[in-house]
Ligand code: C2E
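Quick heads-up: it's one chain on its own, the form predicted on its own, in C-alpha cells.
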C-alpha cells in the first residue's frame, strides 16, 4: 500500500467530514471508495438507529459508503451510541476468499470507520440539534431563541416601538396544588395562549423555565397584554375555572433607544420585574431611569459591603433611652452606621439592600459582637452600664441555630444576660410567627429581654403581644400624636395602647420623640420611657461613654 496516498486520502476525508457547512456527499463517497480500495475492502455500510431498541429490531436507515459488488464477508464493525441515545454502526466487508487484512490495514480501517460513525450523523442530527437548541421539551421556545430573534430584529431595524416583558405566573405552585399538575399544565398552556393572542402577529414568547416567560410585542398591543396579565378566568376541566394573573417587568423601546445587544433588554425587564416582586403593591412595573439607579446602588452596596465588613467600616452608634420622670439614661439602642472613606453612608441607603439577601444576617451578628465587646470593656473599667438593645432581622428567623448563635456571642464576652435586649420586628407569615414565638421564649428562659420593634408600623395585631412573652413594646413614631391631625383622638388612642401594654406587663418605650410637647403627651399617657432627638441623636461610642458617665440630662 502507498502510505503517502493513504494519508492524503484520509486527511482529505477528515477535512470533508469536519466541515462547518453541509457535507459534500459525492466527494465523501469518492474518497471512501479510494480508501476502501487501498485497504482491500469490498463494501462499507453505515446504519443509523434512533435508539438501541430500534437497533435490535433493525428499524433504521443505512448509508452505503462503497460496494464493489463482489460476494463478501464482514471483517470489522465499529458501533457508537451518541449522547442523545442514537446508535451508529459501521460495517466493513472483504471479498470472500481474499487474504486476511494485515494488522496495519486493520488499524487504518478502524480509523476510517471511527471517523465515519463520529461525524456522518452530524447532518442527520442538525435538525434535532436545532430543536434542542431553540425549543424546550414542552414545545416553548427558549431564551436562546429569544435572543436570536431580537438580534435579527435589531439587524433589520425592527426593534423600535416594541415592548419587552419578563413575566411570572402568580402563585402557580398553589394552582398546581389546587387543581393537580395535569390540569395545572392545561391552565398554563391556555393562559399563555391567551397572552400570545393578545400580543398579536409577529410577537415573541419564550420560556425561561417553569412558569417564567419573556415577551416581545408591538407597543400598540400593550393595553390588551396588560388586561390578560392583570388576571383572567381559565377553564381547565369541563366547566371548572381558576383565576390566573402574572407579575411582570416591562421595558418599552422608544424611537431614541439604542439597543446594543439582547442582554440590554434583558437587564431592563429583569430590573423592572424584581421591583414588581419587591413592591407587592403593583404587579406590573415599567423600567425607568430611577429603577436603574436603584439597581446600580444595590450592586454598589453588595460590592462595597464585603470590603466594608472586613475593614470594620460598620460602626456601632448608641441612642439613649431615657426615663422622663428622673431624666436618667436607662438603656440604649445599638444602631449601625457605615463610614467608608470618611463618608457616612445612611442606613436607608444600605439596610434595605442587605435585607434582600442574607448579608443582613451577617451584619446582625457583627453588631451584636461589637456591642458585647463594648459592654465587656465598660464592665472591666468599672463604668456604669445600662441594657443595650440590638436589632435582629426577620431574615434570621429561618435559621434553626439563631438562639444558639446569639447566646454564643453574649457568653463569649461573659456579658450578664440582663444587659442585652434583642429587638425584633413583627412578622408577616404564620411560619415566621411561630419561629418568632419560639425564639422569644428561648431568650426569655435564658434571661435575655426581648422587645417588639416598630409596633404600629405594619399590621400589628393583638396576637403579637398576646401570644409572645415580650418584655418591651417599642412604639413607633408613626403612632405618636401629631399636631397636624385630631390630637385629642390620637392622644386617647395612644394612651389606650400604653395602658393595655402595662396591663399585660410590658414596658413601653416611645421612639422618635423630638419635642417638649411630645414629652408632655408621653407623661399624660403614662409612657415613662422615650428614645429620640429631644434628648440625643445616635452617637458614636466615645460620646455615649461620656453620657453614661454623666448618667442624666
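Every value quoted in this text rests on a predicted model; they were computed, and no experiment measured them. Positions refer to the first chain, counted from 1.
Same protein, other form: the form predicted together with this ligand, not shown, and the subject of what follows.
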| said: Under a 4.5 angstroms heavy atom criterion, identify the one residue in 271, 76, 319, 86 near this ligand in the model of the complex. | reply: 319
| said: Under a 4.5 angstroms heavy atom criterion, identify the one residue in 385, 351, 330, 407 near this ligand in the model of the complex. | reply: 351
| task | Would you please decide whether residue 50 lies within 4.5 angstroms of this ligand in the model of the complex, comparing each non-hydrogen atom pair? | result | no
| query | Is there a non-hydrogen atom of residue 514 within 4.5 angstroms of a non-hydrogen atom of this ligand in the model of the complex? | reply | yes
| request: Although this ligand is absent from this view, report whether residue 80 comes within 4.5 Å of it in the model of the complex, heavy atoms only. | output: no
| Heavy atom to heavy atom, is residue 347 within 4.5 Å of this ligand in the model of the complex? | yes
| Hey, with this ligand in the model of the complex, do 336, 367 and 531 all fall inside the 4.5 Å heavy atom range? | yes
| query | Of these, 66 to 74, 505 to 513, 52 to 60, 24 to 32, which stretch puts a heavy atom within 4.5 angstroms of this ligand in the model of the complex? | reply | 505 to 513
